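Here you get one chain, nothing else, as structure tokens; it is the form predicted on its own.
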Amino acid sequence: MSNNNIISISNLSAGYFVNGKYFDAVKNINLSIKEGEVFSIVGQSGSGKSTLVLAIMGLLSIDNGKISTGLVKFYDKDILSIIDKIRGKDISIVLQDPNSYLNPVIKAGHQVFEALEIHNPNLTKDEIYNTVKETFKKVKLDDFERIYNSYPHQLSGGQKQRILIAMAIINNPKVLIADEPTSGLDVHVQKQILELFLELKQQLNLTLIIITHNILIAKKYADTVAVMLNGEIVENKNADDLFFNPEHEYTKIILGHIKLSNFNNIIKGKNVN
């Protein structure tokens, strides 16, 4: 892990238009993500994690949203000025729920094929096919021909998740974002997928950003953890420091350090004695 920031977020507020009225879903976010680290953003459903990810990826507009203030930088460049060139190439995302993001009428292998082809028009069909085959090996998808020629509904949940991961890494990105990557998977497959992300991080020299509601995932895998609550970062520090010395009451609750009965007061912004 280097000391260079690969992603820097400064005073970022972003949100959505609902019935013509705009509201912020994330407010005044400041984060620095170092090249080569595993960075985890933790928070309950509705805390703003996915909005933050969509802002980083320049995808808020598809949900009728926008960045209202602030800046996201990729190295030293405003990410929004270059995102169309780097999305899916230098920075990729594995979204939760493969069923929503895999095309049900296109064979799984061809969807991975297209993810490489779109960014590499000079490659031959054979070169792309062989790269897809190698990428299947990296994500531990055996039985290549069968899976390549299967439609998503013919694959297991874990296999579909690996297809999404293959699509995300086939262009050798510098940053890989995993947005609730184990959602809907059984515990055994969850562990396999998370271990795979760690292996790929090492093999491909990735910066890995894990978005999760499960703080135990962050505890096991992250170098740095940011905790989100009500659209704000309430704690952000080295993982060991956060887990052994949590400062914010919400962090203490989700770590089990104080009573769960205080949870509702914390998320409503009330003080707890």
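Computed from a predicted model, the values in this text were never measured in an experiment. One rule holds for the numbers: they count along the sequence shown, beginning at 1.
Not pictured, yet referred to below: the form predicted together with a small molecule.
This chain lacks the partner; the member of 131, 111, 96, 150 within 4.5 angstroms of the small molecule in the predicted bound form by a non-hydrogen atom is 96. For residue 32, no non-hydrogen atom is located within 4.5 Å of the small molecule in the predicted bound form, even though that partner is not displayed. By the criterion of a heavy atom within 4.5 Å, residue 40 is excluded from the residues contacting the small molecule in the predicted bound form. Of the heavy atoms in residue 28, none are within 4.5 Å of the small molecule in the predicted bound form. Remark: residue 50 counts among the residues lining the small molecule in the predicted bound form, judged by a heavy atom distance of 4.5 Å or less. Segments offered: 240-248, 66-74, 202-210, 40-48. Contacting the small molecule in the predicted bound form at heavy atom distances within 4.5 Å is 40-48.
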